[in-house]
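Shown here is one chain on its own, the form predicted on its own, set out as C-alpha cells.
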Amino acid sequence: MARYIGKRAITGVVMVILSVCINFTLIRLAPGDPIRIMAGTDNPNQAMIDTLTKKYGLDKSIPEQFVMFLAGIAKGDLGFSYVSHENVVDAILLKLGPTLMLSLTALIIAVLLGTTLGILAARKVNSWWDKFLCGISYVFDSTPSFWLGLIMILVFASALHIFPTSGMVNLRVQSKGLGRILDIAYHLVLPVTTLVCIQTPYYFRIARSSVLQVMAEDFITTFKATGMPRKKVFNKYVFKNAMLPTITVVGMSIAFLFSGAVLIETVFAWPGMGRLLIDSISRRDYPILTGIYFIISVAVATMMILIDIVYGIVDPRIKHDQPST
C-alpha cells in the first residue's frame, strides 16, 4: 500500500503541475488586460500602465511568469491580488470557510438522502414508490440551480418572510457566540435547501442503478438460491459493492467543493469562493484565479489517492501492491 501511495503521489504532483500550467497559460491568453482595468477606461495614463505592468511582472513572457509562480509556490507564496492587494492565501482562506460551510453541509445531506432513497427505490423496483422517486428526481435534475434559488427567495423570503433573502449574517444585529451560529444557520437554510434539491437526484440515480446492477449479478442469484436470507445478502454483499461508485462520486465532489457553488453563492449573495472566482474573472485578477485553480488541482489529486485507499478498504478484492509474475 505504501508503495502504491508513493506512486500515486508522484502522479498527483505531475497532474497538479500540468493542470496549473494549462490554467496559468489560458488565464493570461484570455481577452482583457488587468492593468488597463485598474488604470481605468476613460483616460488611462500610459506611464501608470507601464509602471504597473513592470511592477506585477506582466512585461515578461508567460513561461517566465510561470517559473516565477512556481518559485513562489516553493516558498509558500501565491502572490498578491491585483485588486485588493492582499495576500492570495489570506484572500482564499477568508472565503473558503463560508464555501465549505455551505457546500459541505449540502453535500452531506444530499449524499445521505439520495443514497437512502436510491436504495429504497432499487429494492422496490417498478413499484409506485420507485416510479414516484424517479419522476421527482428527473424534475429536480432538470431544474436550473439559479432558477430554483430565485424561486426559493420569492416564496420563502419575499412572500412568506420566513427566511432572509441573502447574505451570511444579519448585519444589523451583529450577534456573537451561539447567537451568531444560529444566525448563520438561519441564513444557510435556503441556499443549502436549493443545493440539496439539485444534488440529491444525482446520488439517487447512482445508488439506484448500482444496487440494481449488483443485484443482477450471478453470485447474488446463487446466494438467494441457497436460501440465504435476503437481508443478509443485501447487507453483506449488495450494499458494499454498490457503494463503490458512490464513493468515487462523493470523493470528486468533495475535491470540487473548493471552487464553490458559483450560481448559488451569486443568487444568495453568499461570501464564498464562487463569488470570489466570478469577481476575479471579471477583474482579470490573475494571482487569485491561479491560486484557486492550484488549490482545486491539489484537492482533486489528493482525493483521487484517498478514493483508491478507501476502495482497498471497502473491497478486499482490490489489491494495490500485487507481486509481479
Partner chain sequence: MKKFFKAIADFFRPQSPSRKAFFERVVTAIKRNAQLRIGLILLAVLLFVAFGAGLLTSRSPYYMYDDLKQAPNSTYLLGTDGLGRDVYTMIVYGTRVSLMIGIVAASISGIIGTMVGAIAGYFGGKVDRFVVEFINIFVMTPSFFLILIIIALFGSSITNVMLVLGLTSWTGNARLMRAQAISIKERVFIKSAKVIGEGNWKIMFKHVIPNGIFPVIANTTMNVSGAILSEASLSFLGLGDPNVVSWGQMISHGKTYMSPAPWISISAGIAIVFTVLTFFLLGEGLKNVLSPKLQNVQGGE
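Treat the numbers as computed from the prediction; the structure is a model and nothing was measured. Residue numbers count along the first chain shown, from 1.
There is another form of this protein, the form predicted in complex with its partner chain, and it is not shown here; the text below is about that form.
Hey, in the predicted bound form, is Q174 touching its partner chain, heavy atoms inside 4.5 Å?
Output for Q174 is no: heavy atoms all beyond 4.5 Å of its partner chain.
Quick check on V89: any heavy atom within 4.5 Å of its partner chain in the predicted bound form?
V89: no contact with its partner chain in the predicted bound form.
Should A216 be classed as touching its partner chain in the predicted bound form when contacts are defined as heavy atoms within 4.5 Å?
A216: yes, in contact with its partner chain in the predicted bound form.
With a cut-off of 4.5 Å between heavy atoms, is V67 one of the residues that contacts its partner chain in the predicted bound form?
V67 lies outside the contact set for its partner chain.
Which residue among L154, A71, A225, L182 has a heavy atom within 4.5 angstroms of its partner chain in the predicted bound form?
By the 4.5 Å criterion, the partner-contacting residue is L154.
Counting non-hydrogen atoms within 4.5 angstroms of its partner chain in the predicted bound form, say which of M38, I62, L52, V262 makes the cut.
None of the others qualify; the residue that does is V262.
Within 4.5 Å of its partner chain in the predicted bound form, do M15, Y138 and I296 each have at least one heavy atom?
Yes: M15, Y138 and I296 each sit within 4.5 Å of its partner chain in the predicted bound form.
Any residue of 134-149 with a heavy atom within 4.5 Å of its partner chain in the predicted bound form counts; write them all down in order.
Sequence-ordered list: Y138, V139, D141, S142, T143, P144, F146, W147.
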